[in-house]
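Take a look at this single chain in structure tokens; it is the form predicted on its own.
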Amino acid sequence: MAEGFVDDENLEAIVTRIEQKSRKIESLLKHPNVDPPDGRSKPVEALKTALEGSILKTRDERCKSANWIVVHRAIMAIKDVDAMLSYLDPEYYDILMKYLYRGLATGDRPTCDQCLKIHEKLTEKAGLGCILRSLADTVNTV
């Protein structure tokens, strides 16, 4: 087993965490037009929640696919990319870029369109280093 990765016995804990995250995101997206007092939109909060802890310390494809579904739901709910990037902390840029490439790999037209739109704005904001870091990191795959 690779250093830092969980064994099969801990996969259940990962699945439970993904399910909890999914419920929280669905709750945030249920009423997307009701913004919190700090000005962040609920879709941005949903995306931040989806990205938190999303580098799973497992090579199990079922866990990665389940986590992708959660992140995908949040990505597709974003309407204003500029506003999203103004509220999203820079610590999430690289992981978001990884998920954008996963979205592009699906070949699904609406997903690709949304991922390309976010990719363009994210690259403007975070620079080319964000792309390079996400592609060069072969250990933390999404």
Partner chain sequence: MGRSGGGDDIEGWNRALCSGRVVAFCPNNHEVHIYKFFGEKWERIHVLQKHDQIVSGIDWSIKTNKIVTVSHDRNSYVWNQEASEWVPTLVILRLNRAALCVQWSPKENKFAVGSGAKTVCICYYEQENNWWVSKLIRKKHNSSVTSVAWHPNNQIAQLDLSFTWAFGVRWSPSGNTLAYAVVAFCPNNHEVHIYKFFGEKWERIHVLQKHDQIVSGIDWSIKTNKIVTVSHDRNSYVWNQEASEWVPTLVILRLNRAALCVQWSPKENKFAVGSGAKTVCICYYEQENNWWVSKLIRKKHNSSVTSVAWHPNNILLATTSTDGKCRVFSTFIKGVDSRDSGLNFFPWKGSGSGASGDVKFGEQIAQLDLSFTWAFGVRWSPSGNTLAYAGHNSMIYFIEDVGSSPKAQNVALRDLPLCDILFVSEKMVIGVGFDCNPMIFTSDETGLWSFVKFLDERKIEPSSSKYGSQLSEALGKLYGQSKGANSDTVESSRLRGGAHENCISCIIPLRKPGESVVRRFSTSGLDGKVVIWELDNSIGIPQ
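The model shown is predicted, which means the values in this text are computed figures rather than measured ones. Positions refer to the first chain, counted from 1.
Below, we turn to the form predicted in complex with the partner chain, even though it does not appear here.
- In the predicted complex, residue 12 stays away from the partner chain, with no heavy atom inside 4.5 Å.
- The partner chain in the predicted complex is not approached by residue 141, whose heavy atoms all lie more than 4.5 angstroms from it.
- In the predicted complex, the partner chain lies farther than 4.5 Å from every heavy atom of residue 119.
- Taking the partner from the other structure, the partner chain in the predicted complex has no heavy atom within 4.5 Å of any heavy atom of residue 19.
- Looking at 96-128, the residues that come within 4.5 Å of the partner chain in the predicted complex, counting any heavy atom, are 123, 124, 125, 126, 127, 128.
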